[in-house]
Ligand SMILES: Nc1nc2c(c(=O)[nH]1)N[C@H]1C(S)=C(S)[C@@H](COP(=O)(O)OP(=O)(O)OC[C@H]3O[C@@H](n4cnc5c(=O)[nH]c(N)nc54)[C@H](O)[C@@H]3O)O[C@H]1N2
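A single chain comes next, written as structure tokens; it is the form predicted alone.
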Amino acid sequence: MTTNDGLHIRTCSLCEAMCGLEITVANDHVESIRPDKADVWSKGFICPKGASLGDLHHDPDRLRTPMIRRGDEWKESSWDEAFAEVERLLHPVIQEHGIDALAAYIGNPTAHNMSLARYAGAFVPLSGITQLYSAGTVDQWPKNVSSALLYGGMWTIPVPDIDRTQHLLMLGANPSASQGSLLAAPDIMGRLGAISSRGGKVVVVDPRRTATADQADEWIPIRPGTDAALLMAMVQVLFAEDRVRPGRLSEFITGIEDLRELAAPFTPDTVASTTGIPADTIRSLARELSDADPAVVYGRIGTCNQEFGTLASWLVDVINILTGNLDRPGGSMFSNPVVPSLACLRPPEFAEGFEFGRFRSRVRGAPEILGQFPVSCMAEEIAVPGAGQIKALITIAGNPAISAPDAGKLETALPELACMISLDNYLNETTRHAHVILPGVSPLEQPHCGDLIWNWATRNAAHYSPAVFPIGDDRPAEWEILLKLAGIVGGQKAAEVDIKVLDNLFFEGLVGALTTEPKCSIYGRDSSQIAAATDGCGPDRMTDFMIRIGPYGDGYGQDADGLNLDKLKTQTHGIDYGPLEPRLPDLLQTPSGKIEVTPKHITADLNRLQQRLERKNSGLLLVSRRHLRSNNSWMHNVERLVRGRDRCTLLIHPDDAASAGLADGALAMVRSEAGQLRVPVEVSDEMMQGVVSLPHGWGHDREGTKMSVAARHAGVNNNLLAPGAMVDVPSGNAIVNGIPVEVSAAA
């Protein structure tokens, strides 16, 4: 028996459910993964993704050593050789063209990784990189924008208190597949069923009758991209029928009367033809929500990555505010995480409030939003010559060649880079263009203690999971790779980068900044003493610090019974501080100190929504979808998750299929202004007429990759159909739901 053999208690880090697992290891191999029934959070729930962690760890395609590309050939290298190659390639680019010629892309898996989640925030300032792109501008930037303006924090996102509500209205969300998104709770489908069982009601608004809609009490199909019109009409009904009752929120809200005037033109009769929802149904939605006690509206990714994503995201909160269901049990509440996230600290440049459009992209002139441009800008910034052209790119746990809109343009542009460095576990559709790949570790090779995701959890809880397998002394952890890269980008020779010095520099700067924050528990304290009193290095030290200054921490001596990392580690099955409690107005960080309900940056877009009401509906619209066994583009190389019937199909309503001359199983040609692709058809009345659906994250048919399972189940990349210039105006978020397409029989 080796030291790794035996039973390991672990938290799954693959999605927002964060389920507790029992992992049995024998002969250094994962023998079984079962749910941890003693876990204080998940209580024995598990989904297929959590059961696949062993497959991910043992995957023979997963990279374990650095790779250097010479022409079309790859060779394994030592870590010293790989970092020296990074220096050799990067330094000349920066010296000749400046730091603005280097961009970084941060992918979605970063949020699920203890090292990357904590040290991406260190890498960016320490490296000096200013051109930053992320998956955020594909899936959730509207919610960040609306939260920043309403509450004063881009991650101050309220969560539906589904365990205590009596009425849930859900838009653009399908937790039967996602297990929740910006809603962390295990076994969400069981919790939704419990709402109905206790006499409540669940209503799902979606162009597709999903498995979530099938279980709900009512399904209301809606034309893609019109959620904002529906919600604005509900606001109009609340005002017109004297149903606006914000309750205790009244004393710290501004803009209610302005909202009455803004909503007046959006009557149910006015928006009915646009949304495809009868006016009487819209009135019923508003009345039922107003009458239920308590009730909550929840909108997710389908409300974000559409034509009016910011308006829809804002209006979800607005209706919760108007009905008095914000910051109350059973309504929409704010968590109080045991481990506060660094991402939730407001950037210094926004200390006096959030501003947007402070600068614009070089080619398209897209305005900056929260420090980023739309990810679709990256292709043109690489391809178009001129001052400021991107010459080098660092990708961190991301696969934008599949996940970015207008993916065909990005695939064409990536080979033109003088230097591309990827921190990634696979040779995939993006990293095949890299010059150096620096492999990370498997989820089981590092400890895990979530932080950001707990910001939208339905309870205040925490776990710490030790690593199941060691990575060895000759291999750096991912946080060390990021610091090494930051030093090289900053001009140091690879061999001379001192990771410990950079780590201390960042940590001491963080401590110093927080001792000047009046609301922080260490405000006014000696930062050097606080830093000295925090043992260790890397993510563990940062986690200990955040726990200790958090709501349940010891405050560095202020509460002898308070929590620290050592105490959390003793709680094998996690620690639970109970359900969410009201946090307003103390949580607010807006310039006024109040909820600013009608921010001009958002309400200015109502003119565009008004114009949409005048536009006739025509043609087919494409929407995205995912499956319970899939997680964007990064779970398709696990055999147990992709086997079975083909899930990469075009779902189409029977009447639309007949009009296009298509039968079930036939090949269709799908065209948009961005591109075209051939895909098998699945005829189903679960689709609203006039709407078709393709899953996202597929398209693993590119040469030069090393993902054998994914290649056998390649599917098609629906982002080849997403026009890059189609974005939600206030946020710059990609529009990947509601894309106009033509569908015909493939030759």
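Residue numbers here begin at 1 and follow the sequence given. Treat the numbers as computed from the prediction; the structure is a model and nothing was measured.
If you look for the form predicted in complex with the ligand, you will not find it shown, but the lines that follow are about it.
> Does the 4.5 Å heavy atom contact test between V638 and the ligand in the predicted bound form come out positive?
Replying inline: Contact with the ligand, no.
> Should D424 be classed as touching the ligand in the predicted bound form when contacts are defined as heavy atoms within 4.5 Å?
Replying inline: Heavy-atom contact with the ligand at 4.5 Å: present for D424.
> Should R328 be counted as a contact of the ligand in the predicted bound form, where contact means heavy atoms within 4.5 Å?
Replying inline: Result no; R328 lies far from the ligand in the predicted bound form.
> Hey, in the predicted bound form, does G398 get a heavy atom within 4.5 angstroms of the ligand?
Replying inline: Yes, contact at 4.5 Å.
> Which of T267, T590, N108, S521 has a heavy atom within 4.5 Å of the ligand in the predicted bound form?
Replying inline: Spelling it out, the residue with a heavy atom inside the cut-off is N108.
> Heavy atom within 4.5 Å of the ligand in the predicted bound form: which of N428, S332, T165, N144?
Replying inline: The residue from N428, S332, T165, N144 that makes the contact is N428.
> If contact means any heavy atom within 4.5 Å, which of 131-139, 258-266, 240-248, 284-292 contacts the ligand in the predicted bound form?
Replying inline: Comparing against the ligand in the predicted bound form, the contact stretch is 131-139.
> Going through 706-720 from first to last, which residues have a non-hydrogen atom within 4.5 Å of the ligand in the predicted bound form?
Replying inline: Result: N718, N719.
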